[in-house]
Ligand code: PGA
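In structure tokens, the next block holds one chain alone, the form predicted alone.
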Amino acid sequence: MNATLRQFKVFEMVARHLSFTRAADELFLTQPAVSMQIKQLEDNLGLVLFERLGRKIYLTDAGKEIYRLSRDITAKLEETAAIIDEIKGSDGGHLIVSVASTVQYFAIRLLAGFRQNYPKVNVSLKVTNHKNLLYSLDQNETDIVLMGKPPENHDLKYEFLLDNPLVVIAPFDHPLRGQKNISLRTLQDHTFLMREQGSGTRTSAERFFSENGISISASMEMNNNSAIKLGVEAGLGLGIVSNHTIDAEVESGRLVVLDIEAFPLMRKWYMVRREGKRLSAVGNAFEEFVRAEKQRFVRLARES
């Protein structure tokens, strides 16, 4: 068999997404290049791995078995790399950290501090929503995740990181600025810019309003906090965001935090990894750094 690790890597990505296009995007390849790698792997194995029905592709029975074996091989290679890094020590090596989008501002400051102590470490930071973080943990695509509390049934190991207060933000000249203990009912008269489905912030906010019998109008849906903040600043509506994400905008007078009854909604962040995952020396060093130094990198904005 002359199949290569590169061919297996491309095959895994196509099998994971059941899409040549999405696999090509994630691998930074053209779709024809991905198709060629799959064709070469099938020729080398003497097996048909995918079948096309209409506009969709599916794994054949052989493809499902090869996918299972390929993931085992990848996991062993990653474990080997971690062991080699551990033998070499924590001065160098590669660390993959994935974070919820609300955590990214804190995480960037945290990683900058970590790199000062370990300048030779190569760090990959991935930012996405709660749903995709769970998927990356399940697929063993990341070393450490910083996120809201994960569900109990995912074979994950987690520990408390920081409190995550969710606040209501408005443009600086909003008529509610400066008012104290604003009633929740008042919010029904205003439109909101909301995060996408699958976002932990959106899930928490919708659950809170539902429990309190409040119906709010969501005029626009945006997939990141930067867009929410820019939209609020432009007067498109109010927003609900983590207080960890807005210190610069509040300090510069572009946004204000409204004093709403029952706010902030206090949520929590956790440091998470797969149960049983063997971290490299640099991964262990990062965990210890987070535990010892996390408070140094917290930046919270005050209510207006």
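Just count from 1 along the sequence shown to find any residue number. Since this is a predicted model, take the numbers as computed values, not measurements.
What comes next is about the form predicted in complex with 2-phosphoglycolic acid (PGA), which does not appear here.
Listed residues Met147, Leu110, Val167, Leu137 were compared with 2-phosphoglycolic acid (PGA) in the model of the complex; Met147 is the one with a heavy atom within 4.5 Å.
With the partner left out here, 2-phosphoglycolic acid (PGA) still marks one of 212-220, 99-107, 70-78, 186-194 in the model of the complex; by a 4.5 Å heavy atom cut-off that stretch is 99-107.
In the model of the complex, 2-phosphoglycolic acid (PGA) sits beyond 4.5 Å of every heavy atom of Arg274.
Under a 4.5 angstroms non-hydrogen atom cutoff, 2-phosphoglycolic acid (PGA) in the model of the complex has Gly200 among its neighbouring residues. The shortest heavy atom separation between Thr128 and 2-phosphoglycolic acid (PGA) in the model of the complex is within 4.5 Å.
With a 4.5 Å cutoff on heavy atoms, Arg267 counts as touching 2-phosphoglycolic acid (PGA) in the model of the complex.
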